[in-house]
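The form predicted on its own is given below as one chain in structure tokens.
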Amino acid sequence: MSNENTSIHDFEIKLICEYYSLLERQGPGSPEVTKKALSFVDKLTEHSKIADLGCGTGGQTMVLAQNAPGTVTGLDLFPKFIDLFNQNAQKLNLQDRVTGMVGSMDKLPFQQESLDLIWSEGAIYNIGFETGLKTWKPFLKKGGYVAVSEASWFTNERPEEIDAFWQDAYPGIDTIPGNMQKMQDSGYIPIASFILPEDCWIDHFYKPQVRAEKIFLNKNAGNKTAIDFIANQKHETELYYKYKKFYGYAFYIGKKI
């Protein structure tokens, strides 16, 4: 199978988990961007309940908790990520307000209409943008907010190579106006959207991977799946540098009607 047609989902989950646990962030983002998205959310108090879905090891969750009142629950499928998440909360002395739990974003373990804010950075694609917004809405209080970052097209037309890559990796990828429309159609008032700056990819996601790749390949020396996985990561990075004016991540903030 060639690099071009291999998606991350074809690799063993255990290896993917091991690799991403070496990184502070499991996707593009930055503390500045988390804070910027949070600035569009109002009326949070110390009684607010926040959920970060697909939280990974909690890079963005800790920034969220340091800049918003209330309690934060991080939810992720991978126990290894949640172990690291809870260690990170402890290190930052946030354990009284921040808890990680293993769970699935398509079966939320919360009461209906109990959350003031649902957060998700680079993870809603696991169930699809529109599906996620619709599935999560019943758990938000009326007037509660959703804030998610999502891979998005910046243009209507793009080169064949990058179009084919994304159609294979994530056929649900849409333009920013397309996603804002989906948000509105799902019963939210679209409050804001903005494009994540390139440093979210380069400085906060790709550069830290150089070290992670070395550790990972040393540990998995001779493992063909691990070697293919890293080749796939490198290919994805090269495509980003080549085509970054056509796509990237955007944040979407909406308010439940």
Ligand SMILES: C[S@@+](CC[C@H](N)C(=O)[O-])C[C@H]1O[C@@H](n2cnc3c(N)ncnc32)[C@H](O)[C@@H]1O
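Model, not experiment: these values are computed from the prediction. Numbering starts at 1 and follows the sequence shown.
One more form of this protein, predicted in complex with this ligand, exists but is not displayed; see below.
At the 4.5 Å threshold, heavy atoms of F165 stay clear of this ligand in the predicted bound form, well away from it. Among residues of the shown chain, G132 is not one whose heavy atoms approach this ligand to within 4.5 Å in the predicted bound form. Contact annotation: L84 falls outside 4.5 Å of this ligand in the predicted bound form, judged by heavy atom distances. Although the partner is absent here, F139 is not a contact residue: none of its heavy atoms lies within 4.5 angstroms of this ligand in the predicted bound form.
Listed stretches are 155-163, 179-187, 88-96, 103-111; the contact stretch with this ligand in the predicted bound form is 103-111, by a heavy atom cutoff of 4.5 Å. In the predicted bound form, this ligand lies within 4.5 angstroms of at least one heavy atom of each of the following residues of 102-130: G103, S104, M105, E121, G122, A123, Y125, N126, in sequence order.
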